[in-house]
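Quick setup: one chain, the form predicted alone, written in structure tokens, and binding and motion questions come after.
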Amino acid sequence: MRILIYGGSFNPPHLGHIRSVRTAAAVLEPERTLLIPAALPPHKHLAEGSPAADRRMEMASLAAAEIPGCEASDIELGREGPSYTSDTLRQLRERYPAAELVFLMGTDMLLTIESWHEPEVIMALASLAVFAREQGREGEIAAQADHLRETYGATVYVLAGEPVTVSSTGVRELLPWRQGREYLTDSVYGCIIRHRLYGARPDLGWLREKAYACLKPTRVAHVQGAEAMARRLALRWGAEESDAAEAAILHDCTKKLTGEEQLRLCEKYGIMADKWELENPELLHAKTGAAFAADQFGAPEHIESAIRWHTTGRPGMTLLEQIVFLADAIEENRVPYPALETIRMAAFEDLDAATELCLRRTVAYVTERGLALYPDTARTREFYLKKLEDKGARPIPWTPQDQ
């Protein structure tokens, strides 16, 4: 039985790691392959802000699932102190006394192995498989392999393969800029975004793909329009454009759910529904959407809040909340309604006036039909009327008869 072992910080595990393992497995044909995240790598410090060990184990497990016959092992995470390879191999030898253990490493690791903790133990317990990461070093690798064979009786397999240019450090640096997705499996990237590891913010193309899958097909055009309008308003008023886009992409992520499904999400997320929402649970999609976006996509507080208030608004909205509230109401794919064009124009001249008119139009619509007005709508309109008065501005003239 042959067991291929690949250790590292996997911080995060990327496609270069996966390609290395697949290349080695194709040549060595192991019965089992183990991906082993280190608790405390002895040769380098974990980067500041690195995820906890259990989260790195989760990512390693997701990466391992992409490789036939591969699994992640927490053998080093359960030990205290530095994660010495010799200690790991001792434990594995106890578990698999008859197996050939093959330790996969890169060129630099092979060249420096004699400086490691107990190198003679490593080479006595396991064969070495070196994956050349750099072209032009074949002679150097061959000479070191011969040296280790002669000095330690080591078994060394030299594996041919294309150099791996991506690094975990490079990926970490890209993630806060909504980049780096192409270097990760979808499952690992999803884990990073869900927990916002490394300060990551989602690639908006990836986020659209995931969010649109939550929608009825007929609602996609509205969400696309809301994103486009949110971007325009963000640029006009000095908000962070990509945050406005993210909130708009996610704002209706639970809209298609039935009333019963909305109530189940309320129970799951501990959301208290008021009497208006209990009578008409479809109104809950702003609350459940905000909670779902935070849970499934790691939406931070300011984006979660913009989703939460996009339907009713609230007194004293943040700039982002106000932008998403208006973008939802006036996006270009909206079916025309009275005051729509007036609100659109106002949104680029005075956000508060546009917000007040949007709410006034809602009050008129509900009143005309003899429906109960949601209290937050009335309170929010009163707030923006007072805000306009305080800054010496007047509400935009409009009556329900105007178009």
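Numbers follow the displayed sequence, beginning with 1. These numbers were taken from a predicted model, which means no experiment stands behind them.
Omitted here: the form predicted in complex with a small molecule. The next part is about that form.
Contact residue in the predicted bound form, from Ser61, Thr342, Ser50, Thr377 (heavy atom within 4.5 Å of the small molecule):
Comparing distances to the small molecule in the predicted bound form, the residue within 4.5 Å is Thr377.
Among Arg149, Arg219, Arg236, His302, which has any heavy atom within 4.5 Å of the small molecule in the predicted bound form?
It is Arg219 that has a heavy atom within 4.5 Å of the partner.
Establish, in the predicted bound form, whether Glu282, Asp328 and Val366 all lie within 4.5 Å of the small molecule, using non-hydrogen atoms for the distance.
Yes, the whole candidate spot contacts the small molecule.
Among 247 to 255, 184 to 192, 115 to 123, 202 to 210, which stretch sits within 4.5 Å of the small molecule in the predicted bound form, heavy atoms only?
Result of the contact check: 247 to 255.
Residue-level question: is Gln262 within 4.5 Å of the small molecule in the predicted bound form, judged on heavy atoms?
Answer no; every heavy atom of Gln262 is more than 4.5 Å from the small molecule in the predicted bound form.
Evaluate Ala26 for contact with the small molecule in the predicted bound form, applying a 4.5 angstroms cut-off between non-hydrogen atoms, and reply yes or no.
Looking in the predicted bound form, residue contacts with the small molecule do not include Ala26, since no heavy atom lies within 4.5 Å.
Considering non-hydrogen atoms and a 4.5 Å limit, does the small molecule approach Ala372 in the predicted bound form?
Output for Ala372 is yes: heavy atoms within 4.5 Å of the small molecule.
4.5 angstroms heavy atom contact with the small molecule in the predicted bound form for Gln322:
Outside the cut-off, so no.
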